[in-house]
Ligand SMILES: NC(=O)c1ccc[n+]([C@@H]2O[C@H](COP(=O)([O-])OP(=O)(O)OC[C@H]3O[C@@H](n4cnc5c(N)ncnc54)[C@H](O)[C@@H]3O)[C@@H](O)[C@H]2O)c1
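Given as structure tokens, the chain that follows is alone and in the form predicted on its own.
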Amino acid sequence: MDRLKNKVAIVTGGSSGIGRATVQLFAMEGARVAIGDVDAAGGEETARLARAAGGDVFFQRTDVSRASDADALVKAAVARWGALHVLHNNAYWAPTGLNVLNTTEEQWDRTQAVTLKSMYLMARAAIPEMLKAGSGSIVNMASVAGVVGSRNFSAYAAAKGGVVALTKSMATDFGKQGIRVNCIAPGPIATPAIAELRKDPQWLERQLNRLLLSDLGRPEDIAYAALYLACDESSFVTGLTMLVDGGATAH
């Protein structure tokens, strides 16, 4: 408990799945948390669940691919709590089952905007406030797809590969100023976003065959990784791509 005591955090993509689990864990560990997402009903439900457990949390509808929305979320958190210490960039969007031949230009552009550009926009808004606070931690959500590629997820894999590179660049640029930047690369996680895919026995078998463990990961598995990178326990860790993938990339 209290691993994030007196910290102010922003979590994007917090309406469900990994984002929701992270908001709840951050709040339980003492952080005051602002949630940004385009899904207002899901975001408000996440906030309600965290407040019911004693957390100090609010939701603000945010399209993270828009600079004005990213700026507004950071301003709202700072106006409410006076500072910003942690940014967890978790929002993403991607079409499934498409390679470069059948991905439309609109699908490609939206994937890059929500999954990659948003992290630049949120960091651009957040870093000045972290500098004022004297330190900060940015935790970006990458994917094993951004490390080793993924069949029929070209736009998503490209965006997540960009997240890995952006993470290392920001860590290089701002480490001497007290800001750590890391990313998490999950393997297959049992979230609502892949609920339909999990109904396909062949898809599920392929995923399980990739793993060294016996089941898909849980949103909480990624939330605990985000907690470690967000809190002071990881004070000597920056520029890291943390694989939380059930051993999928180990063989």
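We number the residues from 1 along the sequence you see. Just so you know, these numbers come straight off a predicted model, no measurement behind them.
Keep in mind that the form predicted in complex with this ligand is not shown, yet the notes after this line are about it.
> Choose one stretch from 83-91, 97-105, 123-131, 164-172: the one whose residues place a heavy atom within 4.5 angstroms of this ligand in the model of the complex.
Looking at the other structure, the answer is 83-91.
> Taking this ligand as it sits in the model of the complex, is T191 near enough to touch it, meaning that at least one heavy atom pair lies within 4.5 angstroms?
Because a heavy atom of T191 falls inside 4.5 Å of this ligand in the model of the complex, the answer is yes.
> Using a 4.5 Å heavy atom cut-off, state whether S16 contacts this ligand in the model of the complex.
It does: once this ligand is placed as it appears in the model of the complex, S16 has a heavy atom within 4.5 Å of it.
> May I ask you to state whether L116 is within 4.5 Å of this ligand in the model of the complex, using heavy atom distances?
No - in the model of the complex, heavy atoms of L116 and this ligand never come within 4.5 Å of each other.
> Would V64 count as touching this ligand in the model of the complex under a 4.5 Å heavy atom rule?
V64: yes, in contact with this ligand in the model of the complex.
> Check each of D56, D39, E45, E220 and return the one that places a heavy atom within 4.5 angstroms of this ligand in the model of the complex.
Exactly one listed residue reaches within 4.5 Å, namely D39.
> Listed by sequence position, which residues of 112-143 have a non-hydrogen atom within 4.5 angstroms of this ligand in the model of the complex?
Read in sequence order, the residues that approach this ligand (within 4.5 Å, in the model of the complex) are V114, M141, A142, S143.
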